[in-house]
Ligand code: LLP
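Just the one chain here, the form predicted on its own, laid out as structure tokens.
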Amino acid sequence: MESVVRRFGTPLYIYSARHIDQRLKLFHRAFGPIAHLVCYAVKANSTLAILDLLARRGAGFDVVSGGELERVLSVDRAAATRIVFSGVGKTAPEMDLALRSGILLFNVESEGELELLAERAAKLRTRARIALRVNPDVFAETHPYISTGMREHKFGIDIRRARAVYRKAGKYLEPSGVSVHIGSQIRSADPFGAAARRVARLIVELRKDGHAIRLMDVGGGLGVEYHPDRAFDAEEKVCQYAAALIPIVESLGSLRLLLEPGRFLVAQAGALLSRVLYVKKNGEKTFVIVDSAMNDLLRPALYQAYHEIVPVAPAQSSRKAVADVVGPVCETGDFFARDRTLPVLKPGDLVAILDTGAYGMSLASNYNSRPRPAEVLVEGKRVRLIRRRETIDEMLALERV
């Protein structure tokens, strides 16, 4: 790692292509008995090299903005037919781009969106394949910021109103599926099964109404384990997930299942490498100040998320100490760990903040006018730069005095 850091500096995101490939294969093996498409949730990590890696392996993509759509198209125009467009606030220009690109499916989240999409499709004289994202009112035990399946959330349409809304689809809209997404970082397969059963009942009703429903989009949300002392078997989790969903899909006859994993594919493939700048004491508190900050990795500040932090070099001593690991940003919330027992660290040490492949770089910002980190991808023995570090000149280039 030191040789990589000498080449590219810190802070630095580093990803394993092999890990991502293995996680994708887990889904294909587990869901092999049924027709399915794994649509990677681009918001988890939208770096072009990762999108290209997945596109070359036949993955589809779940996008939530025109920008994410452009990113996927920039690496593979042919992937348009494997793209699902989700999100509660699609604009007319975003719809036009998706319609012209010929995407697989629009996940429609409101009646107002349905009306606008019909207008844009009519203007372009094309048809839009749609699925309503229904809200099944299924509780998923996760952080409240990433729970999305209850009536009080902004997402989706009440499942009880869905049949009436589908009837409003006019000449330029083609009802092709039903979509659901109940949240993220869900560790049990049970909520997914409960949501899918409710969607299955709706599909039966919609087919009776004359709609040719051939797609079921069950969203993403399958969780990973960030704590090293808790057991986590990725293959077992995917198999449990598949066991909860496959019988439901098979009961509906001709149907293709769309899956939208994001975090599960990339989170544990990535680490953020940081250099210790200072170690200081304030009374009884010890602070390890590193050169990464909340603008590089927001999850601890945003969700109080846990990430394991380990020294890259083997410890010279067995001594440990309790410390807060913090960054240089002028916010008390700029921390990666609080009261964490760690090997004793000193200035100059290199540490890795683990499991940061998802919602790390994709949430990064230029807060405090800090350039965002560089990113590298490890492919076998090859380590290559996939995003160089920003410069101050680039950060200022869009501004005018």
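All values reported here derive from a predicted model rather than from experimental measurement. Start at 1 and count along the sequence shown; that's the residue number.
The same protein has a further form, the form predicted together with the ligand, not shown here; the description that follows concerns it.
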Item to check | Arg120 within 4.5 Å of the ligand in the predicted bound form, heavy atoms | outcome: no
Next on the checklist: Please determine whether Phe31 contacts the ligand in the predicted bound form, using a 4.5 Å cut-off between heavy atoms.
Outcome noted: no
Checklist entry - Though only this chain appears here, would Pro136 touch the ligand in the predicted bound form if you measure heavy atom gaps against 4.5 Å? => result no
Checklist entry - Might Gly220 be said to contact the ligand in the predicted bound form, defining contact as any heavy atom within 4.5 Å? => result yes
Checklist entry - 164-172, 248-256, 200-208, 178-186: which one contacts the ligand in the predicted bound form at 4.5 Å, heavy atom to heavy atom? => result 178-186
Next on the checklist: in the predicted bound form, does every one of Tyr13, Arg275 and Pro373 come within 4.5 Å of the ligand, counting any heavy atom?
Outcome noted: no
Checklist outcome for this item: Checking Gly262, Gly270, Pro191, Gly327 against the ligand in the predicted bound form, the residue with a non-hydrogen atom inside 4.5 angstroms turns out to be Gly262
Checklist entry - Pick from Leu363, Leu354, Ala337, Leu345: which has a non-hydrogen atom within 4.5 Å of the ligand in the predicted bound form? => result Leu363
Item to check | Partner contacts for 267-300, taking the ligand in the predicted bound form and a 4.5 Å heavy atom cut-off | outcome: Arg299
